[in-house]
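For reference, the chain that follows is the form predicted on its own, supplied as structure tokens.
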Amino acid sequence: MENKRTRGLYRIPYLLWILLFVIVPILLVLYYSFFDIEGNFSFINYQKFFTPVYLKMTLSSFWYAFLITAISLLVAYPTAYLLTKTRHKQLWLLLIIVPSWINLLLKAYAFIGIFGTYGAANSFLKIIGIGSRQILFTDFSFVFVSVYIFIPFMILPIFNALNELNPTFIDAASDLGASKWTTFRRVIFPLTIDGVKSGCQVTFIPALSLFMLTRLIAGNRVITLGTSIEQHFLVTQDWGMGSTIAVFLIIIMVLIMVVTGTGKRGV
């Protein structure tokens, strides 16, 4: 009985945190989404969201988020696999994670210098004879910097899944005559799919709502749902429309979490 009471007391701070910083903000966003720019109760914001402008913006957000996630996965999986084979894998993993501790704004400004007209990237292109190119304020620079920022979050869950993989399964596949590709396709990847799902989840969801990089790195050439929310709240002062976009963004994120949700696997 005392244990139940103790557990109940321990839950109180957690429940208060969830109530104040998750449930209440979501309810406020939902509340403001039903008011137009003049403060009148209306469903006009939801009607506007299903116009071609916002639907195109939603598709664009999905496309860039998918591109960032796919490239991150293609780089992260072999990197994580190689890390599990190195002697000092925890040290190498730490070196990969350390850049994620640096403030996002600082990293964005660093890449502005690297990709600028007189930056290191253009200096290298001049040395190899290609000449100066417009790298900053392009789709390439936006995707490249986004992948750089999110890739540690993709590597970590995949590394954990690979590191916990029972090596006897790989030995058994080899003894049964399976090639390395077959072993990867039929044994390694299926048994580490939960790590892949977690990595995709923590990459795809934040990538949907990027707004700082679209301004600093892409020069507003890339418009996402996050960019639109920022504009409506800070520029046009249309909190209702910004809240409506945020409501749909929350719904999309919840659906992605459900789809990419991981279950316990018996290994």
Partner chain sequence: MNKLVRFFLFIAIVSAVLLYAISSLNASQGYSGGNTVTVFNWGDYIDPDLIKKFEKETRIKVIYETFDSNEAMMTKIEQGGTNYDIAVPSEYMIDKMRHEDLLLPLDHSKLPNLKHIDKRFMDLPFDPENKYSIPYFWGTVGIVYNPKMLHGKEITSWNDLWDPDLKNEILLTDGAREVIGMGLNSLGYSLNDTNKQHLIEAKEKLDKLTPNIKAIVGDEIKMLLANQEASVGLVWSGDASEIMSENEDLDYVVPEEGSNLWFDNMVIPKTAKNVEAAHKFINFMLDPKVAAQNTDYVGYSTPNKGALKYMPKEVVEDERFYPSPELTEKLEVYENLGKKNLAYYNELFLQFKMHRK
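Numbering follows the first chain given and starts at 1. Here the structure is a predicted model, which is why all the values come from computation and not from measurement.
Below: the form predicted in complex with the partner chain, not depicted.
### Message
Tell me which stretch of 155-163, 73-81, 86-94, 135-143 has a heavy atom within 4.5 angstroms of the partner chain in the predicted bound form.
### Response
Contact-bearing stretch, as computed: 135-143.
### Message
Within 4.5 Å, heavy atoms only: does residue 208 come near the partner chain in the predicted bound form?
### Response
Contact with the partner chain, no.
### Message
When the contact criterion is heavy atoms within 4.5 Å, does residue 189 count as touching the partner chain in the predicted bound form?
### Response
No.
### Message
Can you work out whether residue 42 and the partner chain are in contact in the predicted bound form, taking contact to mean some heavy atom pair no more than 4.5 Å apart?
### Response
Although the partner chain is absent here, residue 42 would stay clear of it in the predicted bound form, with no heavy atoms inside 4.5 Å.
### Query
Heavy atom to heavy atom, is residue 193 within 4.5 Å of the partner chain in the predicted bound form?
Contact with the partner chain, no.
### Task
Can you work out whether the partner chain is within 4.5 angstroms of a heavy atom in all three of 121, 151 and 253 in the predicted bound form?
No, the whole trio is out of contact, none within 4.5 Å by any heavy atom.
### Message
Within 4.5 Å, heavy atoms only, which of 202, 67, 57, 26 is in contact with the partner chain in the predicted bound form?
### Response
Partner contact (heavy atom, 4.5 Å) among the options: 57.
### Message
Quick check on this chain: which one of 179, 103, 168, 117 has a heavy atom within 4.5 Å of the partner chain in the predicted bound form?
### Response
If I apply the 4.5 Å criterion carefully, the residue I get is 117.
### Query
Is any part of 196-227 within 4.5 angstroms of the partner chain in the predicted bound form by a non-hydrogen atom, and which residues would that be?
The stretch touches the partner through 215, 216, 219, 220, 221, 223.
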